[in-house]
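Below you will find one chain, with nothing else, as structure tokens; this is the form predicted on its own, and questions on how it binds or moves follow later.
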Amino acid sequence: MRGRQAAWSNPRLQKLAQSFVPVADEVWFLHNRKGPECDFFRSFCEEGHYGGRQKPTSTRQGIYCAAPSGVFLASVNSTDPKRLEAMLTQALERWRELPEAERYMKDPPKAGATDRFRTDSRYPANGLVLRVYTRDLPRKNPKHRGWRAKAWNEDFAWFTADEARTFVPTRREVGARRTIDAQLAGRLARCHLVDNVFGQTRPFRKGEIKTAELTSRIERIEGTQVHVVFEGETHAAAEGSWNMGGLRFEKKKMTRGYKARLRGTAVFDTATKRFTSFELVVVGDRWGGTQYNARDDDLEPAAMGVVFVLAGDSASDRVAPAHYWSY
């Protein structure tokens, strides 16, 4: 999201991007696992900006331009519009200079064995899929300018069909209540109520969840439509030393956390056993930072909001949660 807001909203970059076929994937898997797409990425990534580097990390993260044949064109790891424009321009120039015979693969990729597990294969088609939006809330004395002043991030939350039904009281009558399973409420607090507004962050551990409570109540019933309201509270806090400042690896001892209240509404259709609407709003204070969430200069408590809304069923709605591995 940082790239979209800080760079790819730039009209010049959008025009240049029309000459490319964009593809996004998880870089660690591409760099370390087996499979046609992994082999293809490794065929050119070592010619890029991190080629050969092993310290401070061996990451190959960034934006790469390559011909369909695998011929490297250009790369960069930046959200600076000027640097991205220069990189895309260079890639186009090299593409135009590339002989036709070197532009495309002579043979289609072989199917080949793969040891790569794709998280999107676990998409809960009959369950509950939510888009998760995170952003800072207005302050009396705004601390940030530029893209950070309006920054927001997006993630997804997944629940299986069985898990989704537990958000609705079992007794189908107005006023009926249900306490959401502690494991599911805890998952929300650990994996989704995190400070990723400016960048990546780590989930909380189970032992770092002080409070994770969420209850549902049936407000009214209209035919097969059960209208539910939610309320709850959450408090997560972690103490320790974390690397701050991106790749500088400067450990800083601190406490990070998020304490908030939850309110929401949803409509569950008893005929299809699916939610037709779902909105959950979370408001509270966050504090501290992690290595890649860019809070180095903003560690004191400040208001942050999180919103969960029902996702669609398009390809763009099938992205796995960022912290799926912590589910």
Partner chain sequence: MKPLVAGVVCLLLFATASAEEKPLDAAWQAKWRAAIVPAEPERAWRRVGWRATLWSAVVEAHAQEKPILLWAMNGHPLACT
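Predicted model only: the values in this text are computed from it and were never measured. Positions refer to the first chain, counted from 1. What we label the rigid core is the largest C-alpha set whose atoms superpose within 1.5 Å from one form to the other.
Absent from the display: the form predicted together with its partner chain. The rest refers to it.
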Partner contact for G48 in the model of the complex: its partner chain, 4.5 angstroms, heavy atom: no
Flag L299 as yes or no: does it have a non-hydrogen atom within 4.5 angstroms of any non-hydrogen atom of its partner chain in the model of the complex? no
Partner proximity in the model of the complex: P99 to its partner chain, non-hydrogen atom cutoff 4.5 Å: no
Give a yes/no on whether I63 approaches its partner chain to within 4.5 Å in the model of the complex, heavy atoms considered. yes
If contact means any heavy atom within 4.5 Å, which of 204 to 212, 67 to 75, 162 to 170, 182 to 190 contacts its partner chain in the model of the complex? 67 to 75
So, E37, P138 and T265: all three within 4.5 Å of its partner chain in the model of the complex by heavy atoms, or not? yes
Sequence-ordered residues of 270 to 290 touching its partner chain in the model of the complex, heavy atom within 4.5 Å: E279, V281, V282, V283, D285
Quick check: A315 between the shown form and the other one - does its CA shift reach 2 Å or more after fitting the rigid core? no
Given a superposition on the rigid core, I'd like a yes or no on whether E154 shifts its C-alpha by 2 Å or more between the shown form and the other one. no
Core-superposed comparison between the shown form and the other one, E85 Cα displacement 2 Å or beyond: yes
